[in-house]
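The chain below stands alone, shown as structure tokens; this is the form predicted alone.
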């Protein structure tokens, strides 16, 4: 007697995706197919625009099996899938369904780093995150003189490799909330009028303006900060591939700046302003190097360099201004009154300081003597900029996802420019490596206040820490 044949295991189902990166739709369809017992080899996932009904089968989609258990998918799979589905690989839907199918029988399969399908989904996720990072870094808005309503409007052209436009809309709305802008791409467009975000059709490069007077100022600034002593052409091209150059006004300067780098480096050596050279490869090496650093006058005051402390894989990096008198004596950051106040506020917010990497913008204590007392002095912008090398080196090794900059000095060391704390606080600022910067006041500022003013600033400080705590929870979900 021949075995009974299950029609579900014989019929091929075709799922037509309505949009390229619609994770919610894919998840709904995948759950139904899993519960109906349809194996991956019987499902074809079609890119948007495919012909046919949702399921290309005469009697329609199969109903879930009566005893079908709930579909299982762990957090790691969901996090990777949400990004991987934005990839341009047409096989991504099928790959995700195969993994979801396997998860029902092997719940821990996502822990197998050697599995080729796990490695593939991780690769898709990485490619999408990198494409998003490039979009954040390389979109350049150009001014259109009149938006039709007597105001300014800005337009940018970008060519993403993957379906990331909608996923990154929130970043540009937050970053350029006060501008009216449009981002045009071959796959679609985004339009922000200052209040409402809308989507538009695909565009062509000719739809974007060719330039505006502000670009001359930007090119002048770019040329002034170009540092020939730190020029590594291979690394530069890796981070800024040439395919993006045609849409970026500053890149026209790069060939000339590179050609003149050797002469400019010689001039810097003669002037004594050459930067430190190769970055240290470990935190311990940074700690040893900053003790010998004499690049600015602060290191000549008879004090001790104070290195950052905390886990090297910390998700959160906290940056203050500089060591104080007690930090200089103890050789540790934030152990004095400001550090004790910070600890209380971190505990209230539910942030474990022991899991954060804590450091300072400037590594030596700047002070002036008054009798036997060493009185704090704020570092200058130039001194902060010199010490920025060390903070960047720490961040390159720790690779935090969030950075909390406390005070104007910390904000400057992270951004390379002075910002207003009151204007910058409360919203994330995207950094070039894909991490987020949050700015708040320094705890020592609270200590200098009294009465109602101190209570108000403490409330704002707590609100900033609460926002950071909430973002940390989102990142760990």
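Positions refer to the first chain, counted from 1. Predicted model only: the values in this text are computed from it and were never measured.
Here the subject shifts to the form predicted in complex with uracil, a form of this protein not shown in this document.
Within this chain, residue 327 lines the site of uracil in the predicted complex, having a heavy atom no more than 4.5 Å away. Among heavy atoms of residue 356, none comes within 4.5 Å of uracil in the predicted complex.
Although the partner is absent here, residue 308 is not a contact residue: none of its heavy atoms lies within 4.5 angstroms of uracil in the predicted complex. Although the partner is absent here, residue 412 lies well away from uracil in the predicted complex, with no heavy atom inside 4.5 Å. Proximity to uracil in the predicted complex, defined as a heavy atom within 4.5 Å, holds among 182, 314, 338, 80 only for 338. Of the candidate stretches 124-132, 297-305, 328-336, 194-202, only 328-336 contains residues with a heavy atom within 4.5 Å of uracil in the predicted complex. Using a 4.5 Å cut-off on any heavy atom, the residues of 285-324 that reach uracil in the predicted complex are, in sequence order, 320, 321, 322, 323, 324.
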